[in-house]
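So this first bit is one chain, no partners, the form predicted on its own, shown in structure tokens.
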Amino acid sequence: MLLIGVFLAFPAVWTIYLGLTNFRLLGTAALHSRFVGGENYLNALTGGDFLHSLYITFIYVVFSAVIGQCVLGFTLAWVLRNWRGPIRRGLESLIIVAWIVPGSVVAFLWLAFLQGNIGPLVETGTLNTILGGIGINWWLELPMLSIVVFNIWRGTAFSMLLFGAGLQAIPPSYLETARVAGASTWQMMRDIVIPRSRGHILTNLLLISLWTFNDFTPFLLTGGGPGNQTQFLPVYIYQQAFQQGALGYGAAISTLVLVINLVVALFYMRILRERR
């Protein structure tokens, strides 16, 4: 309880308090901040920047985590469920490497992979070279798509491992009996696999949704640009609090993000309780 209080409860309470002040990193407000109540929250909810960041963060979570990582992870787990031997271990190892490599290293590799030809001193990226030397700068022309693909590649391994454990818990006799009875793959998936894996699916969705919602790695790739197209909420908080120096406003945004995370977690937990 002491560790939880020092490293979780106290910082959360302090963040809520800062969100009610005009505290800044520099200037007179850094020494003599004043209580402004809900002014920071009102500015956030009525301003376009926060709502824009919230919207693109939602798009990022839905397409890269809920659809991308979850669907691809389940597909890989289903395809590999009956594989044995070194081929399976090799494929699993390659997929897991993408998950365990540090984020800064992965970001650098993907910057080089999707780099476009933007001048005589900058070489064409790996993907453009593979495609025949085309000059598309993916981070400038298709930033959202690039980051969605990057996050799918990075986080699919966790979903695959979790779903793999869930599929192993399904008695093989269930699937064999359904197959003998003439059930198609879709029917077995709908009536046996998904219902018996619902707990794993909901747990996976909860974890990857929260991880993606609070992911700061896109800042290493695009810095929130170009033109705020990838200014997700964690990036927006960092820019407001540390680059702009508005710690009070940044703390208010952090509090709103905390509330959103709690709502999402409670939503998934309620579904899990209904399942039981």
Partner chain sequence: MAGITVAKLTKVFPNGVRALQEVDLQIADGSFFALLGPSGCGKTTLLRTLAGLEAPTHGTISIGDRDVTRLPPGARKVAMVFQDYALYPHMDVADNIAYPLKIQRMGRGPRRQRAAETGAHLGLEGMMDRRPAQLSGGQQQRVALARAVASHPHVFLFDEPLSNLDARLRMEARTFLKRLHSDLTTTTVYVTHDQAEALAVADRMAVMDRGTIRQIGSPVEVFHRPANLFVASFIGNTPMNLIDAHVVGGLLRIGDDTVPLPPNTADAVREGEPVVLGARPEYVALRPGPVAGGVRSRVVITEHLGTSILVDLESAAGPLQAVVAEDEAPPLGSEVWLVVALARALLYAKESGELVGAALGGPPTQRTTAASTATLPGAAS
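Positions refer to the first chain, counted from 1. This is a predicted model, so every value here is computed, not measured.
Omitted from view is the form predicted in complex with its partner chain, to which the following refers.
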| query | finding |
| --- | --- |
| Contact residue in the predicted complex, chosen from V71, L127, A178, V79 - any heavy atom within 4.5 Å of its partner chain | A178 |
| Partner-contacting position among S93, S104, Q168, S173 - heavy atom within 4.5 Å of its partner chain in the predicted complex | S173 |
| Residue stretch of 180-188, 200-208, 106-114, 152-160 approaching its partner chain in the predicted complex, non-hydrogen atom distance within 4.5 Å | 180-188 |
| is_contact(R88, its partner chain) in the predicted complex, heavy atom dist at most 4.5 Å | no |
| Touches its partner chain in the predicted complex: I192 (any heavy atom, 4.5 Å) | yes |
